[in-house]
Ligand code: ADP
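Quick setup: one chain, the form predicted on its own, written in structure tokens, and binding and motion questions come after.
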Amino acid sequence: MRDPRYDILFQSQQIGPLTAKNRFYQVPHCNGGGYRDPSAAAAMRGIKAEGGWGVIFTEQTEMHHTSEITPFIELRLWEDQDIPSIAKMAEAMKTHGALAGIQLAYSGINGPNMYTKEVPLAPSALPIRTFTNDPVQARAMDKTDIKNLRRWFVNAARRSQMAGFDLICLYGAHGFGIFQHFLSRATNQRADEYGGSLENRSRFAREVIADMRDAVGDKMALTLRVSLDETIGDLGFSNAEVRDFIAMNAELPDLWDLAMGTWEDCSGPSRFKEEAAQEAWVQGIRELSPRPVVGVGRFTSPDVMVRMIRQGRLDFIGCARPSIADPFLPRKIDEGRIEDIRECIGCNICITGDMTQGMGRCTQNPTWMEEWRRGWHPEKIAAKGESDSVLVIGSGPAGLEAALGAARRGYRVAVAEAREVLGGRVARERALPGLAAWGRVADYRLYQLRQLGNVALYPASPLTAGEVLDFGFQHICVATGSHWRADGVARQHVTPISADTTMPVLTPDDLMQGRRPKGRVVVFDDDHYYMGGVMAELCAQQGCEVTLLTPSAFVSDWTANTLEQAAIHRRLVAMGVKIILNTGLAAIHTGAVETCCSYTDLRAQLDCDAVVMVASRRSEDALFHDLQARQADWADAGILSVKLIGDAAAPAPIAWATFAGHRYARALDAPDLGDALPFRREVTALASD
């Protein structure tokens, strides 16, 4: 069943005293659940085991209370009472023969300790480096602190072993882990035997790994995750020094886990990072040590994976985001079902669960983090209920996912799309700068639907309420999407902006349909996600003189949660876009706009020839309301339900739409839950005092 080209990916590999069944290595990744939702996190990792991964890791696990990263919600292993929830995860990981790994993290210069109120400890006394610029500084560790920290790592290793883990990853990458803080001259400015030369800066890592080997014996494997390059110039831990460090300590860990620079460098979205983007940085490192090497690069193509192995770049294919988009990626390759892989689109919505302290989402895999909470499986869905047919109106992400879920359950499904091209917003947005990979959302679902005999697709088929009533479908799913407003209603303005009708005002929809502004263009972004930056980039590509205006303090503010805000700003500056922050749009006149300071309301005039309005979206829900108005006719038409989903109900990112579609399909013919919660949760138990 498996294509012989991919046999090399399924060869077993040694990691110290252990044997991994294949080369598929799910590197540590966060999920938004952490210590708050341990059963949800455990079930999610268990699904990866079922999907065929050879090695599966937790997210970073805070191993001591003197270093924690509140408000972010990761795992914790501070004391013995943390072991049961951690053990549940290890048990789930090992259910199908995978090796279970835990990543132990001491955040040092990145640990503000907002919960424990402990004084942060780091190699040198410097301000804490966090996403939120917390006004806290770390105390430089003295020799007693270092001795204590070594003991704390040993305690955490023993607890990890008691919990049933096979491997321990020591976190020294992305600027987040204490091992990197010792290795980097930017954060290690010590003058003793732990600072100065690379050999001295390596001392802490050597001591901790030696201590841990003594503690856990030869039953566990120890891996070290290091940044390939801090990308901060000569002062940082450079790629050249990384190579020197590995050559100097060639047999130190049982495996070298290589990850690029900062988290933004390593997990940049597809707009800015191609598949295998870190290849040049890892090339040749495998030759410096007899230990195996794992690296990452948003690997989605089996052919690229094979090339990385055959050309000696890597021994293991490290994946985080691709393992979220499709936990069954290894099994699908093994079973010769490449076309069934839900390829990661690199939108980084998965990261927002961690950044917002919410719950993880995935655009491609709406079941992610719902495996325990709702009982959803990415590859299995219940058979249909008593009814038989579903009409889905709209072929955007919500409609396609609803149709696919319903069809897989066994319902007879028809999809009617008003436009000639199927795919809804994804079909249009994929043509925008940097968003080509997002087209996979539609491509995957359309391919799967076309393989099913119980699905009919009808492009160029706008429908009226009367036509819907005449068709005889039992369930009507209205997923008609939304359109961008031109009147400026969003966050700054809750009523339309005063505008002179002689000034051309365009929306993203206009530009996606081929209408282009000319001359001096003001892009007003009160949406704060990716679209404002994309519109500015598109207009600049067309030769316009572009000014991006936003009431926020940052360009595309919310994209800090997808690790691309800084990259968007840099790209726009490089393209010559003028950026005006903390400034709103007060009025639109002929030949100019009136701006206003977000704080003082100070007014100014900005000359321009056109405005591109990136404000809010209006749901396309007229058909739904027409059907609601004729509810008295439903019974005669055989209609059992009419539901409004996705952007047609409430515009949001694409992941919200695929989730809505999946939830709709699962709920067909299901009993009404009434006031009950639609998901399970874990509630903190009260202490017995």
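Counting begins at 1, following the sequence as shown. Note that the structure is a prediction, hence the values are computed from the model and not measured.
FYI, the form predicted together with the ligand isn't displayed, but the following is about it.
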Is residue 62 close enough to touch the ligand in the predicted complex, meaning at least one heavy atom pair within 4.5 Å? no
Is there a heavy atom of residue 30 lying 4.5 Å or less from a heavy atom of the ligand in the predicted complex? no
Residue 356, heavy atom within 4.5 angstroms of the ligand in the predicted complex: no
Taking any heavy atom pair closer than or equal to 4.5 Å as contact, tell me whether residue 396 reaches the ligand in the predicted complex. yes
Residues in which of 31 to 39, 642 to 650, 629 to 637, 45 to 53 have heavy atoms within 4.5 Å of the ligand in the predicted complex? 642 to 650
Identify whether the ligand in the predicted complex is within 4.5 Å of every residue in the set 425, 463 and 623, based on non-hydrogen atoms. yes
If the cut-off is 4.5 angstroms on heavy atoms, which of these, 257, 417, 370, 564, is the one near the ligand in the predicted complex? 417
120, 302, 261, 481: which sits within 4.5 Å of the ligand in the predicted complex by any heavy atom? 481
